[in-house]
Ligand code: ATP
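Given as structure tokens, the chain that follows is alone and in the form predicted on its own.
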Amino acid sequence: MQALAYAKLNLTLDILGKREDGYHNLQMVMQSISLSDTLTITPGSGRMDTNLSYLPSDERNLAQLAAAAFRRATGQDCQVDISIDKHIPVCAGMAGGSSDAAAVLRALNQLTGAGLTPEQLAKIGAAVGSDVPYCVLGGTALAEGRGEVLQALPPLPACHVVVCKPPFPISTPQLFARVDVKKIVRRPDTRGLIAALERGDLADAARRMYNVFEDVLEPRRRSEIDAIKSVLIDCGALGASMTGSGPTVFGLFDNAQAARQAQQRLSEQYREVFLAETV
């Protein structure tokens, strides 16, 4: 069986406070886009491979963890071989690994005839990673808690998406360590964005996007993120933001030609630039 694992964007990302368990309470509006990995899943011995040699193929890979979690939850001895053709950038804030795990859960549910609902699969996925429940369900959703408390939202109106990943890593733990919730000045207008979704107003939703992690980036990283956003806006993006803990930046376009122009301009400087659509 082949399964697609769609990339995720954060239209908003807000940090509300720190929890007693050491995690943070988040509030995020999430969106699936057509940029995806392709997984091939066949009955086998538990082997795994990817087209990227540096990715782990053992229990460090979320796809393998998802298969094990499915077996534990269902009691089924469904050993499978998993082959992943990666297209979603790695360590990019786009939930590539979580989406692969979600695709494995959906595929195993179908292959075994387990008949679990998407909500039941999402619950299994929560034990694998915070973003996995959202990736199981996909679409447009409000995510709260650590990201596992989900509420479906009216879909973001269909649009073109330009995605650009600059060539530097960002440490998620370090970003969280630099966040002082009491000192956050600029926050996304999450309620306003949800209201725009309810009206089907793409432009208004795009204007209200923001990610609070942008304010705690190192100055030179923040400068590059801002420069990518400026190119997107200059080319006609209705809004632009960083997704997740970065460093990937995206812009939403209602015009295909403008989106292609932005992709071409950014491709002159960056290797990982993608044109996608909302899912």
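Each residue number is its position in the shown sequence, starting from 1. What you are looking at is a predicted structure, and each value in this text was computed from that prediction instead of being measured.
The discussion below concerns the form predicted together with ligand ATP, not included here.
- Interface residue among 94, 105, 164, 209 relative to ligand ATP in the predicted complex, by the heavy atom within 4.5 Å criterion: 94.
- Of the residues given (36, 61, 32, 27), 61 alone sits with a heavy atom within 4.5 Å of ligand ATP in the predicted complex.
- The stretch among 139 to 147, 84 to 92, 117 to 125, 153 to 161 whose residues place heavy atoms within 4.5 Å of ligand ATP in the predicted complex is 84 to 92.
- Although the partner is absent from this view, residue 98 contacts ligand ATP in the predicted complex, with a non-hydrogen atom inside 4.5 angstroms.
- Although the partner is absent here, residue 56 sits close enough that one of its heavy atoms falls within 4.5 Å of ligand ATP in the predicted complex.
- Within 4.5 angstroms of ligand ATP in the predicted complex, the stretch 8 to 22 places a non-hydrogen atom from 8 alone.
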